[in-house]
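Just the one chain here, laid out as structure tokens, in the form predicted alone.
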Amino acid sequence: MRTRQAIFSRYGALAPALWLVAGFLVMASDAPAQPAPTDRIVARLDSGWRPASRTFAATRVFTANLEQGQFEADYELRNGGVVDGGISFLLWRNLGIGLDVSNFRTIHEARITSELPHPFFFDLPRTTTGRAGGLERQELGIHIRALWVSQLADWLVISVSAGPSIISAKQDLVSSVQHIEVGFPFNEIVFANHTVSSQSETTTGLNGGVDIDSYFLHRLPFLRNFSVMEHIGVGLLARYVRGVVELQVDDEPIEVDLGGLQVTTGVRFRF
């Protein structure tokens, strides 16, 4: 099930991009240059993928057997799905402003390396490794964008944008670990379990992106009789978001990078 969902998320979202490529092939021959955009409002609804991975680490110190022990959790966030939508307004000539909302979610794991003091001897810690799975990262972003819009044809619009972002992040963090002692003389331990603490925080960041929109659907033979199709198109958005948040586990700060490159495709509505 997990593999099938991953395949759908990665490839199913590319269908509008294929329509976009088809539009280029259909319309490239008779596309007059029209640098000034003609539509004042554009709304979009996208889905896609964040292909890049992110890593961060956190070390926790605890007391056991009258000594200090510790464990380090190395988190690796792989790719995940993105749902993204927004609206933009053309203000003057090629300049516009937009407001977008995006949601990113992924399930990942952390590699745990522990040092546990010996019950009989000082300065003789035992080490072990394990994995904590099923950890969740979720990012809800609000992106304000200043846009430069170029209408290359009545069916093709390209915009470049940048601006600030407000990112609300939720992250599962490993707060404690449990081990099993392996018989006398207790020189070995086995990673047994872990405890998860879910932390949330909001921060600000930056975003920048390129959006390519195509409105060729109304020229296709089986759609040209529907005038409403002149206002509906498909698009491809590549956006990079960058932010840093500090999460707390038992009053210990952990710095976590947010955002990354995301590629989404979907439907466009122009007015």
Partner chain sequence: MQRGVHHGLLAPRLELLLMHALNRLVFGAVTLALLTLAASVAAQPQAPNGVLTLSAGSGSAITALREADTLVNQLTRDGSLRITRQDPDPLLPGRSHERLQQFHQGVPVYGAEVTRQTASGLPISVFGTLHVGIDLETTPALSVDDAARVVQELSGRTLFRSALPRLVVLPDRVNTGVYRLVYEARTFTGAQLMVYFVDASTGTLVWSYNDLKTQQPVLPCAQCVIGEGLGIKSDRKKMSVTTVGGTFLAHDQLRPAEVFTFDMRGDLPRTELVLNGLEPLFDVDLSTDSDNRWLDGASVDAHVGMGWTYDYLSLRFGRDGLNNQNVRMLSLVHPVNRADVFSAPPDLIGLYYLNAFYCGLCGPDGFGVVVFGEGLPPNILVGGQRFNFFSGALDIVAHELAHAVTDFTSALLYMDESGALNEAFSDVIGIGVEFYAESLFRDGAGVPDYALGEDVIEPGGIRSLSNPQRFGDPDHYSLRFLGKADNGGVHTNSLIPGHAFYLAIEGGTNRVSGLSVAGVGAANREQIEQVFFRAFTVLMSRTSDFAAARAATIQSARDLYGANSAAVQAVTQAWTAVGVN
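Numbering follows the first chain given and starts at 1. Rigid core (definition): largest C-alpha set, two forms, superposition within 1.5 Å. Computed from a predicted structure; not experimentally measured.
Unshown form predicted in complex with the partner chain; subsequent notes refer to it.
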query: Stretch from 127 to 135, 182 to 190, 158 to 166, 92 to 100 whose residues place a heavy atom within 4.5 Å of the partner chain in the predicted complex; finding: 182 to 190
query: Residue 61, heavy atom within 4.5 angstroms of the partner chain in the predicted complex; finding: no
query: is_contact(residue 39, the partner chain) in the predicted complex, heavy atom dist at most 4.5 Å; finding: no
query: Heavy atom of residue 120 within 4.5 Å of the partner chain in the predicted complex; finding: yes
query: Contact test in the predicted complex: residue 66 vs the partner chain, heavy atoms, 4.5 Å; finding: yes
query: Rigid-core frame, C-alpha of residue 148, shift of 2 angstroms or more between this form and the one not shown; finding: no
